[in-house]
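Next comes just one chain, in structure tokens: the form predicted alone.
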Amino acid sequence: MINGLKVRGPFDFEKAIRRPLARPSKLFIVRMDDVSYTRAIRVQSRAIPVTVSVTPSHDDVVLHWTMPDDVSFEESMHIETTIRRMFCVDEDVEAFYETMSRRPMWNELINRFYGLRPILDGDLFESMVNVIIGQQLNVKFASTLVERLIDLGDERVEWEGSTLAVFPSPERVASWAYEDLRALSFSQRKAEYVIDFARAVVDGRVNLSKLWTATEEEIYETLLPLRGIGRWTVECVLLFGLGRRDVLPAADIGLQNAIHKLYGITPRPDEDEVRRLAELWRPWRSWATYYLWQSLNE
């Protein structure tokens, strides 16, 4: 089954799929020979494999995806919504560039990453667990822990000759004991935070579906009372899970380092200075943050 969406340019799909920021490679397959991105998308209890690619069309591109023929109409609609969100289809990238190009130091960064859009997480549970695991860890080790968690979940789907790993469901993670993650080199607290969050989702204390339409204030009120979830964690979920456009994780050391590098500010700016500078980035502070993080990966 083949579907498609027209995306207003610029959209450099190849550049995007080369840069899945700090996310475990087991969850997706990137092929550069045909420039495609493949992963499983969970629709309720079913994991459905999807391959995404693009076809140029003048100034725009057409985003195509293929999936199994037995996908129902309701599942197809869920997948389209997920793909639209994951690839930031509805964002006006030119408006972002127009806002940022008023600052001369941003022009080189825009030229370097022209057409780049973030690829967001597959669902909110996956996003939250990724961020909890990444707290106060270097990117490489955090990615290793996420991949071990995926292996423990042991869910796979076959698609076009490949085996795709699937991020474990909240029900699966909630069924584990803390010792199961401790055996994978998780700290005691991190094991508790991940499993307790899964249990909060399963027992209804956290309704992830309601977060899509909630205000940022409501999202903070819902998530901050949970153990192991602080402001930085919620900010990253707003960025990479919910795709909110104007979020600023000002206390993030990586963001501060990137601003230090781009603006030549010495010493490295603190949280207050980052917030002051970022007032000029509204309403695109999330995208500015993403571009700045990517500048550190060069």
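Note that residue numbering begins at 1 and tracks the sequence as displayed. This is a predicted model, so every value here is computed, not measured.
Only in words, not in the display: the form predicted in complex with the DNA, which the text now covers.
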Looking at heavy atoms inside 4.5 Å, which stretch does the DNA contact in the model of the complex, given the options 28 to 36, 63 to 71, 259 to 267, 231 to 239? 231 to 239
Residue among T81, S101, N207, S187 with a heavy atom within 4.5 Å of the DNA in the model of the complex: S187
Hey, in the model of the complex, does Y291 get a heavy atom within 4.5 angstroms of the DNA? no
If we define contact as a non-hydrogen atom of the residue within 4.5 angstroms of the partner, is R227 a contact of the DNA in the model of the complex? yes
E273: heavy atom within 4.5 Å of the DNA in the model of the complex? no
Considering only heavy atoms, tell me if W212 and the DNA come within 4.5 Å of each other in the model of the complex. no
Does anything in 128 to 167 come within 4.5 Å of the DNA in the model of the complex by heavy atoms, and if so which residues, in order? G134, Q135, Q136, L137, N138, V139, K140, F141
